[in-house]
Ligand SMILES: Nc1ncnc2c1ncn2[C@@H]1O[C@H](COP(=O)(O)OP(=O)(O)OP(=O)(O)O)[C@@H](O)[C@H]1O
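Consider the single chain below, provided in C-alpha cells and representing the form predicted on its own.
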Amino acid sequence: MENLNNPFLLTAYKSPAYFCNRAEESKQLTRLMQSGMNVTLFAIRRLGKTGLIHHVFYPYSNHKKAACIYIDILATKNIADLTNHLATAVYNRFPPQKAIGKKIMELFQRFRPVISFDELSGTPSLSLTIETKAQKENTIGQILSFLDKQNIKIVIAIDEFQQILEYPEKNTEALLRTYMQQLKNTSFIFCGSNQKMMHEIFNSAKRPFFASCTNIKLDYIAEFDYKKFIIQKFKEHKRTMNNECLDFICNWTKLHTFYTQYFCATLFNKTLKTYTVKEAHETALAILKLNEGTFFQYRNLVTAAQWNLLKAIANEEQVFQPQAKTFIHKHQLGTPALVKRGIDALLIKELIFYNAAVETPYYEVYDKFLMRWLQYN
C-alpha cells in the first residue's frame, strides 16, 4: 500500500501540489480545450500523459459551465464495452441528483441500465443493454449528442485510444469521427501508450481521423525542474538530500517520469533526515531485487538471440544503427538480418521503443529498471 504521506505519487492524480511542472504543456492543452480544439497527446509509455490530463481537468472538477470527462478504454474489447465505459464516466460526472444527471438517466433508461459498485473503491459502474447492431453503432452518438445540447462546454479525454483498432467492429474509427463532426460544444483529447498505432490512426491520410486534431508531443521533464521538485518535496517533510544523491537519481532513471517517481517514493520511505548517494545506491539495488522476478519473465518471452540484442541495447542505452557492423560485432549479435528480426520482435513486445520524434532517431529499452538490471547482469 502506498504511504499516504509519500509525496511521490505512482497512481492516481491527487492535486497540483503533487504534480511536477509541465507548465507549458498545461497552458497549451488548456488553451486548446477552451477553444474547442480536438487534441492528440503523443508520448512514450509512463511519461505522464494521464497525469497531465487530470492536472488540466482539475480546476473544472465542479465547474458549472464546463465538464471534463476521462475514460481509459484499454480493457475494452468492442464498441459495446466502449459505450459502457463512456456511460459510466458520464454517470459519475453527472450524478442523478443533479438536473443534467436526471436527464441522462432518462436517456439511459432506454437501454435498461444495470448499476454495480466496485468492491474496493465503491465507484458505481453502468452497464447498458446493447443488443442490436444499430444500438451498438448509435448509442455512443446518442450520448454525445445529448451532452452536446446541455449548454455547457464538454471535454472528453479517451486514454489508450489505440485499443479501438483491436475491436471486431472495423468501422469504429469512422463512426467516432462522424459523431465528432456533428458536435458543437464538445471536444476530445486522445492519447495512448502505443505510439506506432496512435500515429497510424491520426497521421495516416487513409484513416478517418487524419488531420482532425492538433498534436501535442509530451517530452521528458527538464532536469532542473525535476530536481527542484524532488528537493522541495523532501524539504517539505524536513529532509535534505545532497547533490550527488540527486544527480544519481536523475541519471539512473533517465528522468523518465514513472521510474523517477518510483525511485523517489522508495527512497522517501526510508524516513531519514539526510540522504546521500549511499542511500540512493541501496535504493537502486533494492528496486532491482524487488523486480527481478518480472525481469526473468521478460526473458522467457523472447528467444536467446532477442535477449542478447536487448542486453546490447541496454548497455548502449541509445542505439542509432542496430544493423551497423560495429554494433553487431561489438556485442556478437550474428547477422544484420537476425538483428532486424530481433528489433521487430522486441518492438512488438514493447521491450524497446523507437524514438522517431528527435533529429537523430534511436532505439532504447522501454523499462528503465530492466535496462539497469541488464547492465548490472
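Quick caveat, the model's predicted, so the values are computed rather than measured. Just count from 1 along the sequence shown to find any residue number.
Quick note: we don't show the form predicted together with the named molecule, though the next part is all about it.
- Segments offered: 40-48, 327-335, 59-67, 27-35. Contacting the named molecule in the predicted bound form at heavy atom distances within 4.5 Å is 40-48.
- Looking at E160, you'd find a heavy atom of it within 4.5 angstroms of the named molecule in the predicted bound form.
- Mapping the unseen interface onto this chain, A357 falls outside it, with no heavy atom inside 4.5 Å of the named molecule in the predicted bound form.
- The named molecule in the predicted bound form is not approached by T83, whose heavy atoms all lie more than 4.5 angstroms from it.
- Taking the partner from elsewhere, Y18 is found to have a heavy atom lying within 4.5 Å of the named molecule in the predicted bound form.
- Note on contacts: among S193, S187, S127, N291, the single residue with a heavy atom within 4.5 Å of the named molecule in the predicted bound form is S193.
- Of the residues Y275, W307, F108, F258, just one reaches the named molecule in the predicted bound form with a heavy atom at 4.5 Å or closer; this is F258.
- Contact residues in stretch 9-36 (any heavy atom within 4.5 Å of the named molecule, taken in the predicted bound form) are L9, L10, T11, Y18, F19, C20, R22.
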